[in-house]
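This document starts with one chain, in the form predicted on its own, laid out as structure tokens.
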């Protein structure tokens, strides 16, 4: 008996602790309270109640809208302290419920006025990805024509880079290509201006290796790769390429990879099955281009060396909507303009930006980052020519997979920084259960068993739990993308099963009655061990029905009326009488 008392005390204490735990899911914010008055009240009665409550709590109750008249839903300004005072004032006698009027918000969508023209960001599910990461704490080296200080990069942080063409520290852009590429990676975002970028909280490192003509040498590119690796770059983007293999560049890439840098490069724009260097080198993620319809862009190279595909745009005549829109410069006078470009040069920075998001979450190894990008890509069937590599870039899937793969201190800090906590597929919400009611049911069942001197054994104990509350803690767990009904059923007591299966919060009269207890007694009372389960279950059912009748009389078809309360109360008394007779019989045969 002592063991069972200790077990019940532990269960009750643990339940109380969980009930008071704030949970890992978002705790709602509110500054007003919802009152839903019972449908059985007349308009005059509701008017009197509203006037009384307004006076008592010094707050005005008003209809939420003209559509609330039939539902009797009122709203009043108030905080958590006022809500508790109202809930403890006996208001349940004439209301269906009183609850917080939580404030919900739209998922993050940047306020950049031309964001709606960036089909490319929508096609890789950036809005969902931004809920998890925005690239904070990472540095992306842009090995290109440099970066110019255009208007929509003012809020983007640039770290010191280098101009290898002119051998100077100031790596400004005199062409426009590099600035456009930089914008896709980290354009200043949510600044009420221009357009958005993928990893807009990341830092950019400008490394100029291409001159005003848009061309540059292997030696400069190789030096810039080593510079990036030695100066803290996490990701390198190279929207450039050509023919001819270079041992110098191969060694530079190997050097950067060994230092933990993710390297991304464009596949080339010759529309042939021959990916250009440096995308063809080992440890470089080669990117082919997609048009606005998700097909291979007409100009994009393909075949061996393509690891993944991403939006590169396709301009048709004067139609610029199919291009990749970013802020760059007019090469003629250096003025800031918004322009739509096309090319695998535009596709590569999409992958580099998402790689920065993955690094920000906590995945550090360049091989693991590449693995995340490939595994999360949307695969394309029947891709015999390898237009798409492992598939189409999906930023949202990539950051979710990254959160699952990130381990250790960096992964933990990434979770904390980006709001994942235990990962995106597992949540616990303590508010899914009415803990006070459950603990009262469990305590009542234990008292009934103690009063009738039932032996404390595992069979009887499980009967008490399953008859009164079930494994109710399971109702608090939610596995994203999976149905909740199995946990809801396992977390229900025997009288609650009818409502749990149908998804209703109210008790179903088909299972919340004495017949369930009668069935247990008839089937199991003659068994030497299972009879104690039947008795414990009957005591638990009695407690469940009695507590529900007193504090939460909600029954399908009857609502929360006096009829529902009477139905539950009568069945609780019948269960108690049945339990009494069965316990006498069991004691005589024991």
Partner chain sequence: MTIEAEGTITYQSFGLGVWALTANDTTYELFEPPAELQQEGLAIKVTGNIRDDIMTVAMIGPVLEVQNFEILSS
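Numbering follows the first chain given and starts at 1. The structure presented is a predicted model; accordingly, all values stated were derived computationally and were not measured.
The following text describes the form predicted together with the partner chain, which does not appear among the structures shown.
- The listed set 113, 242, 100, 519 contains one residue whose heavy atoms approach the partner chain in the predicted bound form to within 4.5 Å, identified as 242.
- Of the candidates 176, 389, 366, 206, 176 is the one whose heavy atoms come within 4.5 Å of the partner chain in the predicted bound form; the others do not.
- Among residues of the shown chain, residue 269 is one whose heavy atoms approach the partner chain to within 4.5 Å in the predicted bound form.
- The partner chain is not shown here, but in the predicted bound form it comes within 4.5 Å of a heavy atom of residue 345.
- Taking non-hydrogen atoms only, residue 380 never approaches the partner chain to within 4.5 angstroms in the predicted bound form.
- Remark: residue 276 counts among the residues lining the partner chain in the predicted bound form, judged by a heavy atom distance of 4.5 Å or less.
- Contact check at 4.5 Å (heavy atoms) against the partner chain in the predicted bound form: all three of 215, 221 and 299 pass.
- Considering the partner chain in the predicted bound form, the lone stretch of 149-157, 85-93, 255-263, 207-215 in range is 207-215 [heavy atom distance within 4.5 Å].
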